[in-house]
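Take a look at this single chain in structure tokens; it is the form predicted on its own.
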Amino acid sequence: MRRVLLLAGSPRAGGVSLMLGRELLERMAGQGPAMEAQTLRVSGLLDAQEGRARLHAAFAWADTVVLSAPVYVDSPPAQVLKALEFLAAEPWRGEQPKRFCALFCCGFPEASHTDICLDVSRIFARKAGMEWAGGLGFGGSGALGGETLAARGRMAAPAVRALDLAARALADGRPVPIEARELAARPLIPKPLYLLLAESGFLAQAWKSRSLTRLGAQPFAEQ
């Protein structure tokens, strides 16, 4: 029986990164021997002793840990960094090896903004006594909108293929292949169109919050 822990790093309950993590686990469940999985949301987990105990127990239980999280200013969210530091403080020394895989998504169209996060994950795996199984970085995640990939049709085809390849490799005990990472990094829609849609969404939010005419305000500028 394989045991997989999904660490959901987004502060939002229905974020794109959580959707991607769940889709990866669904595909892993369809590959190889039977699999048991559990999901832990990282946000707020370390604020109480009970949460820290739950994280520690789930980490000890799993043979594969998958982290799915958004990118905040080219970095994992602060709560994710705290969780990784917490786990790395007591490196795994059990007889059975543990593997660590990471998925990151960012709102910028370029998936390269996830590179630092994947490097952080790789270094964490080494410090925590785990095997680094590779990861995927998705750009332009705003186009996915938190729905399932199937709901996005052909636009999401590269992401679907990337998760399929990653799931198959992880089930076979192999690291995530380069082809999967390249597919994940492929733009979902042309960059100019994505930027146009993102700008439209930003202005719509400003209109709803009645701040459209104050976007250039500098309330903390020196008088």
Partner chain sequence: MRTILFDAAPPEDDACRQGLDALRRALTDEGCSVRTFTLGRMAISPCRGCFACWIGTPGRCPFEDASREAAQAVAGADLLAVYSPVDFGCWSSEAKKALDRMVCLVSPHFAFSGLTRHRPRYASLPALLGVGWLAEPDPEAAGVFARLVEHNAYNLHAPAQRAVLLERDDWSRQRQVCRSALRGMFQ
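All values reported here derive from a predicted model rather than from experimental measurement. Positions refer to the first chain, counted from 1.
Unshown form predicted together with its partner chain; subsequent notes refer to it.
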Met1, heavy atom within 4.5 angstroms of its partner chain in the predicted complex: no
Arg174, heavy atom within 4.5 angstroms of its partner chain in the predicted complex: no
Exercise: Glu85 in contact with its partner chain in the predicted complex, heavy atom 4.5 Å: yes
Exercise: Leu149 in contact with its partner chain in the predicted complex, heavy atom 4.5 Å: no
Site test, Arg12, Pro77 and Leu215 vs its partner chain in the predicted complex, non-hydrogen atom cutoff 4.5 Å: yes
Proximity to its partner chain in the predicted complex (heavy atom, within 4.5 Å), stretch among 151 to 159, 191 to 199, 164 to 172, 48 to 56: 191 to 199
Residues of stretch 110 to 139 in contact with its partner chain in the predicted complex (4.5 Å, non-hydrogen atom): Glu110, Ser112, His113, Asp115, Ile116, Asp119, Val120, Arg122, Ile123, Phe124, Arg126, Lys127
